[in-house]
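Below, in structure tokens: the form predicted alone, a single chain.
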């Protein structure tokens, strides 16, 4: 099965490698705008605890960016399934369904990590100060896995790109702004805050922010992310199995 996983992953890596310069340049635009607008503009004179607002902002941007990149890396499967019909080639290939799912998720995680590395370089250039550890990277990977699974499930479950865009509109977009990325959830009304604090991006934002300032790791948040990852994999496996019928 390892060989099958590597085969699926390698195919996506070859595609990415050919487009890598364009991918890197395109991934610099949004983080640069966030850092300029919020870090230098709005947040220049704002202090959050013992640090600056840009130190508070960067982990949130990394959580947000890794979510979007990982999710969008797998949504093209919708086009392959509905219009190109090329996903049938994977279905009839002599490989286990699990290998296909894991290989695709690994490729999405790689894209998310490359994009996160770009943000880190930009953040340090803007004067951010953060503690980057193995745990920090592990949380990022876990966040990438969760939203890659969401993208995989959505791409294999929706019947059109229009339906797929509704996931962005009604799920990812609200999470982008409310899940502790640009401000703490304590600023929200209680009935909204309770819901927002159940979402995976909130836990990722607070974990990254805490690790960045060397606070104790909130292992209960790690457990929540692991639970989301397990549920996401089960749903993705179910969506793929439906394609086999």
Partner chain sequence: MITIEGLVKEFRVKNRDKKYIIKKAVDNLSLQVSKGEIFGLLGPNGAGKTTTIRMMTMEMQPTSGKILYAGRTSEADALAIKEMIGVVPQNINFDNDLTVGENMELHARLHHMPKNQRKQRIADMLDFVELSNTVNLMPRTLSGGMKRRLLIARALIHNPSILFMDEPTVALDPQVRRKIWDLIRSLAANGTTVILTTHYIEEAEALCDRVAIVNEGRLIALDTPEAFCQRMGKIAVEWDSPEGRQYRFFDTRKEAAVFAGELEHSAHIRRSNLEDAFIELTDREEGM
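What you are looking at is a predicted structure, and each value in this text was computed from that prediction instead of being measured. Numbering follows the first chain given and starts at 1.
Unshown form predicted together with the partner chain; subsequent notes refer to it.
Could you check which residue among 114, 120, 137, 93 gets a heavy atom within 4.5 Å of the partner chain in the model of the complex?
Contact check passes for 93.
Which of these residues, 230, 25, 15, 223, gets a heavy atom within 4.5 Å of the partner chain in the model of the complex?
The residue from 230, 25, 15, 223 that makes the contact is 15.
Classify residue 169 as contacting or not contacting the partner chain in the model of the complex by the rule of any non-hydrogen atom within 4.5 angstroms, answering yes or no.
No, no contact at 4.5 Å.
Can you tell me whether residue 160 touches the partner chain? I mean in the model of the complex, with a 4.5 angstroms heavy atom cut-off.
Because no heavy atom of residue 160 falls inside 4.5 Å of the partner chain in the model of the complex, the answer is no.
Closest heavy atom of residue 86 to the partner chain in the model of the complex, within 4.5 Å or not?
Yes, residue 86 sits close enough to the partner chain in the model of the complex that at least one of its heavy atoms falls within 4.5 Å.
Is the partner chain close enough to 193, 206 and 214 in the model of the complex that each of the three has a heavy atom within 4.5 Å of it?
No: none of 193, 206 and 214 comes within 4.5 Å of the partner chain in the model of the complex.
Within 4.5 Å, heavy atoms only, one stretch in 125 to 133, 95 to 103, 169 to 177, 142 to 150 touches the partner chain in the model of the complex. Which?
Of the options, only 95 to 103 has residues within 4.5 Å of the partner.
Taking the partner chain as it sits in the model of the complex, which residues of 1 to 22 have a non-hydrogen atom within 4.5 Å of it? Please list them.
Stretch hits, in order: 3, 4, 7, 10, 11, 14, 15, 18, 19.
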